[in-house]
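Only one chain is shown below, in C-alpha cells, and it's the form predicted on its own.
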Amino acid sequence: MNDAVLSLREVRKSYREADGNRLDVIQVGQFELAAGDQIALVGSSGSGKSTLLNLIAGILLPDAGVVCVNGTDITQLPEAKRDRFRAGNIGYVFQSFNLLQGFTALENVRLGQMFGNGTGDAVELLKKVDLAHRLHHKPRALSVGEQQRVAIARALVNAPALVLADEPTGSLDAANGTAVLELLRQVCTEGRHTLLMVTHDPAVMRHFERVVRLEELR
C-alpha cells in the first residue's frame, strides 16, 4: 500500500433480501484519501453511504476487497483488534450523537479516550469546540448543537488519522448545522485529520472544495 490515509480496492458488499435475491449495496473499484483531505461523499437516500462508512470503520466487513487505513488492511484483523485499531485511528461522528446520557460532556469525551491511545486533552478539545462552560453538563442539559460538538470532541480526542462523519448536521437547524460543520472542518484542518463526510444536503456540499458521488467510485 502507499502512504494514503485511506485506500479502498475492489470493495464489495451485498445483502440477501427476503426473497433470496442478492442486493449489491457497495461496489468501489478504487478510492484514496491523503492526509489532510476533506471530502464530501454524496448519494441518494439508501444508496449505501452509511454502509460504506461502516466498512471503512471496520464495523462491517466487505464481501471482498481491501480497506486500508493508515497503512493497515483492517479486513485482515480479527474483531477485537479491529475495535482497538478503530479507537486509535478513526474518529466517527454520528448524526444521532450517540452520547451516554448518564455522563457529563467531559466524561463522554474521556470515555472515548479510554479505548484509544489516550494522548488527547479532553478539556482542551471541549474548549476548542466552545464548550468550556459546559464541561460538567449531561447531554439532556445541552442543546442539540452542543451535543454534536461534544460528539466531535469525542471523535477527535485520540488524534485519529481519519475522521468519518455520517450526516452530522442532519439533526440540526440550518444555523447550528453550519456552525457545527465549520467547526468540524476547522478542527480537522488544525489537526491535519483526513475528513470524509457523508451528506445528501446541497448546503453542506457547498462547504467542500471536493465532492465525490458514490456512483463515481464504481
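Please read these numbers as outputs of a predicted model, since none were measured by experiment. Each residue number is its position in the shown sequence, starting from 1.
This next part talks about the form predicted in complex with a small molecule, which is not shown.
Among the residues T51, N176, S171, Q27, the one placing a heavy atom within 4.5 Å of the small molecule in the model of the complex is T51. The shortest heavy atom separation between G36 and the small molecule in the model of the complex exceeds 4.5 Å. Within 4.5 Å of any heavy atom of the small molecule in the model of the complex lies no heavy atom of A203. Mapping the unseen interface onto this chain, T189 falls outside it, with no heavy atom inside 4.5 Å of the small molecule in the model of the complex. Partner contact region in the model of the complex: 43-51, out of 43-51, 28-36, 61-69, 157-165, criterion any non-hydrogen atom within 4.5 Å of the small molecule.
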